[in-house]
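So this first bit is one chain, no partners, the form predicted on its own, shown in structure tokens.
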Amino acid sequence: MKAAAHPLARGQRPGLGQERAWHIFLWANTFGLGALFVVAIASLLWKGGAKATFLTWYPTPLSGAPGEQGMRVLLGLCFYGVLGWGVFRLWPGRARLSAGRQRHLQLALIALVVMAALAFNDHLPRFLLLMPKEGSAGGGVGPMLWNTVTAAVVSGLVTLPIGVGAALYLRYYARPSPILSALRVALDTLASLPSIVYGLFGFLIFVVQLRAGYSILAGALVLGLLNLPLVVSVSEESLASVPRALEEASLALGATTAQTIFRVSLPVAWNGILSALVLSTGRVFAESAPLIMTAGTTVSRVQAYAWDPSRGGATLAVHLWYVNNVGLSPDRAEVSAATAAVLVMLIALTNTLAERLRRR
């Protein structure tokens, strides 16, 4: 009597119907979630993107705020730089050029971007250039955009060295002890605290006790504290994923622990550390409660575009909250949608730059 063939030999598997149903469920779940995000972002950009990117043939006059011209040049470099990069990437004949000609084309585009930023910085989207208006329509978010970038830079300068340094200590130098266990519990607790608690802490310490007043510096320090647990945990996990064989080979060749860290571990773990920095920057763009309590909700025309971080000023997220809850302008719905669209585009630009750095 001939033995029956095994089900797997006939191309069949037990529970194939359940597995296919599970596959369909996962696909539908993923596709539905992605479609939901795409529809939501597309709707937001449809409502506010036109106002945020509206260009005019006539120049936008200066408002008289000190430093406004420099801010327009920097914004022009970013705006025309994105356009030039898009033209370079989408140009169909780029693949047929040699590496040397592509380099020459890149240099030519950079020169054109610089000239366009210097010559046509008053033809940028009006919403990104104008000062906000309280009781009338037609205001912009120029100072808020400047304050957002300033807060992100200052917060990153605080978060990155301290967070990566703490991750290096926990990964390579700390020994198991009750103090180390308590430190990890404290980091996990701080990571789950609401942001408004950090805002209250920053208000009591920086604004009241240290008498720093409402300032972007105080808000950036609070956001740095808010992001530290995230940066420490992600950086430590990235360092832990470095192959141990690479580090042992470096030590066997006579390198010290510090040399191994800076020459082997950090370069290999750079992608994860950069991801932590991007996530923390995104939180700086999105947070409003800590900045409301430490940086303020208004903008001074005299210091709207100043480099001094000790001045107060609202960011894009704070302005979005203010317009929806306190604002009196008749077009506040359009301003809210355009501000949200600018935030989405700013985060997308930050992620694109981070991806380019990660590839390098």
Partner chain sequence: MSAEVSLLPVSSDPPHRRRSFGEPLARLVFTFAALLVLLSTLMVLGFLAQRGLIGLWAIGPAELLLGADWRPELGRFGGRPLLFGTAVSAALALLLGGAPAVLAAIYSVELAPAPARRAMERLMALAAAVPSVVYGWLALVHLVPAAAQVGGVLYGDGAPGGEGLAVSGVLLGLMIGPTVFLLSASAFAKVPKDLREASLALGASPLHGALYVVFPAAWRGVVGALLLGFARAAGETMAVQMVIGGARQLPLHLFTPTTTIATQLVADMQNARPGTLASDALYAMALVLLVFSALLVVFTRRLLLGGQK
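Quick caveat, the model's predicted, so the values are computed rather than measured. Residue numbers count along the first chain shown, from 1. Throughout, rigid core stands for the largest set of C-alpha atoms superposing within 1.5 Å between the two forms.
There is another form of this protein, the form predicted together with the partner chain, and it is not shown here; the text below is about that form.
Contact annotation for Leu77: none of its heavy atoms lies within 4.5 Å of the partner chain in the model of the complex. Among residues of the shown chain, Leu55 is not one whose heavy atoms approach the partner chain to within 4.5 Å in the model of the complex. Interface membership of Arg244, defined by any non-hydrogen atom within 4.5 Å of the partner chain in the model of the complex, is confirmed. Though the partner is left out of this view, Leu328 does not reach within 4.5 Å of the partner chain in the model of the complex, counting heavy atoms only.
Three-residue candidate spot Leu200, Ala333 and Val344; every residue lies within 4.5 angstroms of the partner chain in the model of the complex by at least one non-hydrogen atom.
Taking Leu180, Leu118, Val87, Leu97 one by one, only a single residue has any non-hydrogen atom within 4.5 Å of the partner chain in the model of the complex, and it is Leu180. Partner contacts here mean any heavy atom within 4.5 Å of the partner chain in the model of the complex, and among 259-267, 88-96, 108-116, 135-143 they occur only in 259-267. Shown here without the partner chain, the chain has Gly165, Ala166, Leu168, Tyr169, Leu170, Arg171, Tyr172, Tyr173, Ala174, Arg175, Pro176, Ile179, Leu180, Ala182, Leu183 in 164-183 lying with a heavy atom within 4.5 Å of that partner in the model of the complex. Positional change of Gly34 between this form and the one not shown reaches 2 Å or more at the C-alpha, relative to the superposed core.
Superposition on the rigid core between this form and the one not shown places the CA atom of Ser336 less than 2 Å from its counterpart.
In the model of the complex, the CA atoms of Thr30 and Thr281 sit farther apart than in the displayed form, by at least 3 angstroms.
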